[in-house]
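The chain that follows stands alone, in the form predicted alone, written as structure tokens.
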Amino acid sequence: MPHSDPIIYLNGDFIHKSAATMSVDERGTLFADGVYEVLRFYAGRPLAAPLHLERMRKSLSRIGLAPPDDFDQLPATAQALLEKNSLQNAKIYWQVTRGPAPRNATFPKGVPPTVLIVPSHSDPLDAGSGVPTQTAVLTPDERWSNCWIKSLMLLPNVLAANAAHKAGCDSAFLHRDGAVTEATNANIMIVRDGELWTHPADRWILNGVTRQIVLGLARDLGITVREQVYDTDQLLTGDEVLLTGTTIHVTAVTHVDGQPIRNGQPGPVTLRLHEALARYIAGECLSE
């Protein structure tokens, strides 16, 4: 069971979450001047840690922030946090910001970055329980044009997610002038005539780690993968719609804007990918 006051990591120290403090001049708070990652552990082992680390390195580089001195130790630090919190199946949040400085748009000099790592319990993937499902609404994509950076600047995502919640749905699907990009916290894929379609990994989406893994698994299964732009009409008339993400694995979408997808039931390609991902995770993290 998760601890009521977990131990976290902040700027080199392992401390209880209730004791953690940050400066009121923290640029992550004032400007969303930082990046983050979310890493999953299964049975005490991380999944795809090098991919998460490399993506964070690229995000840091794009915002002109040098990696902190302990950057390469982030996976080991996360592992230590699991042990300190008696966790086996967990979600680990990594955050690096430009640190505290007087409020000014220009980058401060000589300020060490703020490094925060927070663990939390997360249920393992249960392949035998069936494909999880969600419903969604379509909403305009109002984010900036560097969505490939995993930035702290998530207010557009928050607003869209709350619009979905208000509509009684689980997720918001974003589109730019009709071209579907991604969900607020996951990548979208559709199935048409047995082929798997997904938006290309350009500046308009975050190239999800689970997305990368699932596309590789699809190719291994002989499923044709098409990384191309598609519109809302093609999504709504797709044979299947699914989401991929670190926290949701492979999830079937049963309704979009109230319209059923495949009669409101998960489809066969989604099921194959769900099972393939479960086998992949077991092979990477659960096998001796």
Ligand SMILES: Cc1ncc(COP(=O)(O)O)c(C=O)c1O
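Residue numbers run from 1 along the displayed sequence. Because the structure is predicted, anything quoted here is derived from the model rather than measured.
This next part talks about the form predicted in complex with the ligand, which is not shown.
Based on heavy atom distances of 4.5 Å or less, which listed stretch (163-171, 182-190, 130-138, 78-86) is in contact with the ligand in the model of the complex? Comparing against the ligand in the model of the complex, the contact stretch is 182-190.
Proximity of Thr246 to the ligand in the model of the complex, heavy atoms at 4.5 Å: Yes, Thr246 is a contact residue.
Answer for Pro100 alone: is it within 4.5 Å of the ligand in the model of the complex, judged on heavy atom distances? Result no; Pro100 lies far from the ligand in the model of the complex.
Applying a 4.5 Å heavy atom distance criterion, does Phe31 contact the ligand in the model of the complex? Close contact is absent here: in the model of the complex, Phe31 is far from the ligand, nothing within 4.5 Å, heavy atoms only.
Heavy atom to heavy atom, is Lys150 within 4.5 Å of the ligand in the model of the complex? Heavy-atom contact with the ligand at 4.5 Å: present for Lys150.
If you look in the model of the complex, which residues in 63-85 sit within 4.5 Å of the ligand (heavy atoms)? Residues within 4.5 Å: none.
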